[in-house]
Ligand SMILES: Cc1ncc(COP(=O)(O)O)c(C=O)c1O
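Okay, so here's just one chain, in structure tokens, the form predicted on its own.
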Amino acid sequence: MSYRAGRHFLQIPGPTNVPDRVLRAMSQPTIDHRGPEFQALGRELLDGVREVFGTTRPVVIFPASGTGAWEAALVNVLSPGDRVLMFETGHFATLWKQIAERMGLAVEWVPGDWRRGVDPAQVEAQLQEDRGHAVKAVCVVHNETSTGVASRIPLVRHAIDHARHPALFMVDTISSLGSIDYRHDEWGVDVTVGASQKGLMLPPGLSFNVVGEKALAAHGRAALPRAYWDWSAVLAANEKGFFPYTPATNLLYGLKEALAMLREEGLPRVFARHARHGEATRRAVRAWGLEIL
């Protein structure tokens, strides 16, 4: 049997390398997820994770990849045949569209060239044409993992408001959360989708939905089938610090440590570090004579 020398360094857009502190935290023994020790952990995490999303609203945590969070976001607020406005900004925006179609939603798909984020003017134009308010949700990917292209979320929100359209605003932050500035409450987002394996410095396996007030109201009317993804069951259990299913306990240990690391460095410094590394990469690419998206 042969053994690989050294330590493997993961060099893909995500999952990312997991810090030693997080790996060590995850190595703790699994505890009873119905006991008081876990209850204290659950309450701490459900409160602490809100800071990263920039919200005071409930954050639902699923044992799932980001794909699960996509589906959960859709089935909890929409009904069969509802129209959703989605934008082609890259590979993962396209995958979210495919999930929506499989859920029986009517996707109004705006083609793109994968080189730019969502155009707020185009959002406003599309919604102004929808005089009957048939579009029930606008779905945008904040940062496109496949290309690094980012969309300007506050300007998209302004476009929706300027069109005076009641559609829900849903944002995928799977590769932006904890890496670039994001503010669920301040930017007027109704549902935020997130996952553990990028800026949160964890392995794959946790996904998130931030549930805005308007989204929670829509949840009461939504008729798409849901069981595992049902926010109601999760939110009810979360009130006591628990989950309605077996949680990914050791990943939650890791999340606690990752949140501590982010707080220690400070989110503004974290964002500045990512911006600095991004600019260094762009300068290198230009020096090689290649084109920047």
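Keep in mind that this is a model prediction, so the values were computed, not measured. Residue numbers run from 1 along the displayed sequence.
There is also a form predicted in complex with this ligand; it is not shown, and the following applies to it.
Undergrad: Are any of the heavy atoms in Trp70 no more than 4.5 Å from a heavy atom of this ligand in the model of the complex?
TA: Although this ligand is absent here, Trp70 would touch it in the model of the complex, with heavy atoms inside 4.5 Å.
Undergrad: Verify the contact flag for Gly254: yes if a non-hydrogen atom of it lies within 4.5 Å of a non-hydrogen atom of this ligand in the model of the complex, no if not.
TA: No.
Undergrad: With the partner left out of view, is Val118 within 4.5 angstroms of this ligand in the model of the complex by any non-hydrogen atom?
TA: Result no; Val118 lies far from this ligand in the model of the complex.
Undergrad: Taking this ligand as it sits in the model of the complex, is His184 near enough to touch it, meaning that at least one heavy atom pair lies within 4.5 angstroms?
TA: Contact with this ligand, no.
Undergrad: For the interface check, one of 209-217, 166-174, 104-112, 78-86 should have non-hydrogen atoms within 4.5 Å of this ligand in the model of the complex; which one?
TA: Stretch with heavy atoms near the partner: 166-174.
Undergrad: Could you check which residue among Gln197, Ser179, Gln126, Thr94 gets a heavy atom within 4.5 Å of this ligand in the model of the complex?
TA: The option sitting close enough to the partner is Gln197.
Undergrad: If you apply a 4.5 angstroms heavy atom cut-off, which residues in 114-145 are near this ligand in the model of the complex?
TA: Contacting residues: Val141, Asn143, Thr145.
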